[in-house]
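Quick heads-up: it's one chain on its own, the form predicted alone, in structure tokens.
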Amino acid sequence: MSDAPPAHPDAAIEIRKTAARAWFESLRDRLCAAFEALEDACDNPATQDLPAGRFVQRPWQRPGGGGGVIALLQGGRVFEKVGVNVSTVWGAFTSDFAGKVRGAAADPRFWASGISLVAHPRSPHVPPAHMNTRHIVTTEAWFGGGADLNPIYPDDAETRAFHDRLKLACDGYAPDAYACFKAWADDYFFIPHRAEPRGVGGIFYDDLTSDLDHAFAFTRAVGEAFLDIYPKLVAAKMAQPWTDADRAHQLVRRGRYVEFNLVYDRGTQFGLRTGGNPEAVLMSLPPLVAWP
């Protein structure tokens, strides 16, 4: 990566920045290990001739400050494509974008670190999923993130298990956090031009500015919750057979994911507007997709 960013005058903020970056990178490593273990364990006859997928890590640098690592698994037995990206970048927002970011209107300088995961399973019965968390510092500092499930064939028990695990993480933050962040996700992960949700929801949160240590602990809890529940949901269904009709339906439903991420997703816009690596930003897109 490029040279280190200037140290923040507030020592507590600087310590938290370092800790957040280290957490995102360690969570990446644990998630990749969990997904590779699923690849090794898969015994679905439909994919038994494929090699167990492995992540390939590719570092990148951002002109102006920072960079990241793209960790990508493609063509596996379980996952057709899954990416777990981390980045830590800094610099200054453009004048037209600074006014849209809290704390940047008067001073466009920023620092941002985060992790972004998107999983597109091979089986139409295994639910795709997304998770990202981040720490951003301008003249203010905050945490944000979220996780949601996007099954091709929704399953009530699966949805309930996913939400229950996220609720457990939220309950450690505040009594009303799950209700608030779930409603935020229902509103955020919605495709207006389709008048339908992207999936079965999850949680979404942003702008957690008060008690940053507590917000950081919650952000870690969200990562732990996803690492705990999602591999279990994958393992429960990765051996199920599927038909050509299932596959065709899967590709159409993936189209909804593409539409949301390219048109509405704030993370996509942030990454592209701040000089992020396009391959890292667009990692979320599935390898194959169809529109009827």
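Note that the structure is a prediction, hence the values are computed from the model and not measured. Basically, rigid core = biggest C-alpha set you can superpose within 1.5 Å across the two forms. Throughout, we count residues from 1 along the sequence that is shown.
Separately, the form predicted together with a further copy of the same chain exists; it is not shown, and the next lines address it.
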Select, from the options 91-99, 207-215, 129-137, 190-198, the stretch whose residues sit within 4.5 angstroms of a further copy of the same chain in the model of the complex by heavy atom distance. 190-198
Should E259 be counted as a contact of a further copy of the same chain in the model of the complex, where contact means heavy atoms within 4.5 Å? yes
Please run the contact check for T159 against a further copy of the same chain in the model of the complex: heavy atoms, 4.5 angstroms, yes or no? no
Decide whether D10 counts as a contact residue for a further copy of the same chain in the model of the complex under a heavy atom distance cut-off of 4.5 Å. no
Quick check on V263: any heavy atom within 4.5 Å of a further copy of the same chain in the model of the complex? yes
Going by heavy atom distances of 4.5 angstroms or less, which of V69, A34, L251, A41 would be at the interface with a further copy of the same chain in the model of the complex? L251
Would a further copy of the same chain in the model of the complex be within 4.5 angstroms of a non-hydrogen atom of every residue among R273, L282 and P287? yes
Once both forms sit on the same rigid core, is the C-alpha displacement of T274 at or above 2 Å between the shown form and the other one? yes
